[in-house]
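One chain comes next, on its own, written out as structure tokens in the form predicted alone.
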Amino acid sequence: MNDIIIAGIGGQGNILLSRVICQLFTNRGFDVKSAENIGMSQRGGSVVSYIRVGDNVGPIVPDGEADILIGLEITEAARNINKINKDSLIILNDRFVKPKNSELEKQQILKYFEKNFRKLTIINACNIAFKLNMPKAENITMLTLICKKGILHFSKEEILTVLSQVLSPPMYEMNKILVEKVYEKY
């Protein structure tokens, strides 16, 4: 897996999730490039992160070449299907924010993904983060579940090491508890 797209809306922690994934690969010695596309993120607008792992690559994932699409929000994931192909892994957080001035419903979008992409996994990271009383940590919940399911092959210890590298000590302690609980219960 070399090319990853993370699609979400402002406030979901897309950029932090991107930094954590980049650091996971960097800690293993890979050359990593990343970039973000941020549109009105302070008002819940689109946020897209591009992560590319490997030598001699630019930071933007070319159309149709993403190996993994991580959708923190279903509509935003759908907006980025131009970056994936039939063999891409798609991991969707079961969170839907209905776009203004749109007739699209959550089930329509999910049916499209199910019909056109055979490697689809839907994770309810939002609900799990709420149950664990850490609603702002659905990004790290999503990452932990993705790694636990073997979609990204990083161990719990590697995740905790990176979180200690990129978060402040109080934020690290909160997220450490979250990661431990997600591995224990889900």
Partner chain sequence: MKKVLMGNEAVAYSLFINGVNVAVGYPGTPSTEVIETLKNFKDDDFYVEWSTNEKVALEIAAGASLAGARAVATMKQVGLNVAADPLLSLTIVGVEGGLIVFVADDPGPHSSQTEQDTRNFARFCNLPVFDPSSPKEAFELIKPAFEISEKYKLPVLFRMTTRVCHSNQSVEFEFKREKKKVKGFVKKPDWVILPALSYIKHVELKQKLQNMKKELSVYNKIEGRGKIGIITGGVSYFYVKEAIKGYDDLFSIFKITIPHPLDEEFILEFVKDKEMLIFIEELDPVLEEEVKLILFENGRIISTYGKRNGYVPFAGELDVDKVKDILNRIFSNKLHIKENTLTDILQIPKRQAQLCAGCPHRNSFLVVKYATKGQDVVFTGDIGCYTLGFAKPISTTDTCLCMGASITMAQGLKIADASKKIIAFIGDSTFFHSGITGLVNSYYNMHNITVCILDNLTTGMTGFQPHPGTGKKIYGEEGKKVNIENIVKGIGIEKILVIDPYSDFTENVDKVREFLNTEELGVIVFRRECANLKSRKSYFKINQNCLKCKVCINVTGCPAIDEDENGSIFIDSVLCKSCGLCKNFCPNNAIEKVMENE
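Just so it is clear, the structure is predicted and the values come from calculations on it, not from any experiment. Numbering follows the first chain given and starts at 1.
One more form of this protein should be noted, the form predicted in complex with its partner chain, which is absent from this view; the next part is about it.
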Would you please decide whether residue 60 lies within 4.5 angstroms of its partner chain in the predicted complex, comparing each non-hydrogen atom pair?
-> yes
Examine residue 155 and determine whether its closest non-hydrogen atom to its partner chain in the predicted complex is within 4.5 angstroms.
-> no
Using a 4.5 Å heavy atom cut-off, state whether residue 161 contacts its partner chain in the predicted complex.
-> no
Give a yes or no for residue 122: in the predicted complex, does one of its heavy atoms lie within 4.5 Å of a heavy atom belonging to its partner chain?
-> no
For 84-122: residues with a non-hydrogen atom within 4.5 angstroms of its partner chain in the predicted complex?
-> 84, 85, 86, 95, 97, 98, 99, 100, 101, 102, 104, 105, 109, 112, 115, 116, 117
